[in-house]
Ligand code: MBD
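So this first bit is one chain, no partners, the form predicted alone, shown in C-alpha cells.
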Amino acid sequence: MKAAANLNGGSGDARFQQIVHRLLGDLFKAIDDLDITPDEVRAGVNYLNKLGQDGEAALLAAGLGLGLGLGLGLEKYLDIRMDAADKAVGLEGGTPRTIEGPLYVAGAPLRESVSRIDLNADADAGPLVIHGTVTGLDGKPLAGAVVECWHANSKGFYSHFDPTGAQDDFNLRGAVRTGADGKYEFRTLMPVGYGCPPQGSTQRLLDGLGRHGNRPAHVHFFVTSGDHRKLTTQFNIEGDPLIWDDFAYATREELIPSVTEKTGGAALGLKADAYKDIEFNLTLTPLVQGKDNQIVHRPRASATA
C-alpha cells in the first residue's frame, strides 16, 4: 500500500499520499474482514463509474454515511466536526450551519435589501415572503452583508437542474445586500420536498440499503459579510412530515422557523393577497485568528444572469 500511494516517495503531494494510503488500507481491511468477492469489488467500481456519469457524487455525499444510532451523512458529519472545532476554541452562538447540497449556482442578480425571485408562474405554489435581519454575535445589524437564497419549485426541481426545462435561469434563486438595518427579504413561492432522481445512482444505492431518498421542503442560504465567517445553512418548512426523516440528515432544531399567514401580498407584487411569511434571522460569527476556517472549496456551478 505504501508503494501504491507513493508514501514517502519524495515526490507528489504528501497530504494526498497520506489520505490515499489510509483509504487503501481501510478498503483492503474491509475486503479481508467481509470476504468481499471479486464480483462485488467490480460491481463497486462499475457503480462509481455510473455515479460519475449521472453527476450524483455530491448528492450521494449528503445522504450516505454512518448510522451511529443517529444517521450521519458525510456532509452532516463534516458539519459536526466543524461544530466541535468551534467549541474547542470557545466560539459559540450564531445561526447553526448545515449542509450546502449540490444545487447551488453562482451568479444570481444582486439586489439591494429586497429581491423577488419567482420568475416563472407556478400554479401549484402559493406566495411566500422570507425575511430577517443579519447580525453579528453582539446583536448589531450588519450592513453590506450578502444573503443568497435558492430553493426548489412545486415540482421539487431547481432551476438550472430542472429536467423538464420549464424554469428560466435563476428562477427561485436570488441575492440581496443588506442596508444599514441589516435586513433582507426574498419574495418567492412556497417550495416542496423532493427525492433523488428515481433512476439515478444515488437512489439505486439507497434502494439496496432499504432507504428512501426524500428531503423535506427547505430553503438554502449563503451569507457573507466582511470580517465574519461565511454561513452555509438552510431551514426546513414547518410542518413538513419529513423534517425528522431527511435522507440528507440536514435538519437542526434551530432551523425550523414558524410559518405565519399574512395579507397584503398584492401591494408587495405577489401573486395573491394572502401569503405565507417566514422570519429567519441570521447571526454570523467572527473570523478565527483573522481567517474564515469554515470556507469549503469545491467545484460549483455558475451562470450569468
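Throughout, we count residues from 1 along the sequence that is shown. Keep in mind that this is a model prediction, so the values were computed, not measured.
Quick note: we don't show the form predicted in complex with ligand MBD, though the next part is all about it.
Ligand MBD in the model of the complex comes within 4.5 Å of a heavy atom belonging to His220. Although the partner is absent here, Leu142 sits far enough away that none of its heavy atoms falls within 4.5 Å of ligand MBD in the model of the complex. Among heavy atoms of Phe235, none comes within 4.5 Å of ligand MBD in the model of the complex. Ligand MBD is not shown here, but in the model of the complex it comes within 4.5 Å of a heavy atom of Leu103. The three marked residues, Tyr194, Arg215 and Ala248, each reach ligand MBD in the model of the complex, with a heavy atom inside 4.5 Å. When you look in the model of the complex, the only residue of Ile99, Cys149, Met190, Leu231 with a non-hydrogen atom within 4.5 Å of ligand MBD is Ile99.
Contact annotation: ligand MBD lies within 4.5 Å of heavy atoms from the stretch 240-248 in the model of the complex, the single such stretch among 240-248, 255-263, 271-279, 26-34.
Shown here without ligand MBD, the chain has only Tyr158 in 126-160 lying with a heavy atom within 4.5 Å of that partner in the model of the complex.
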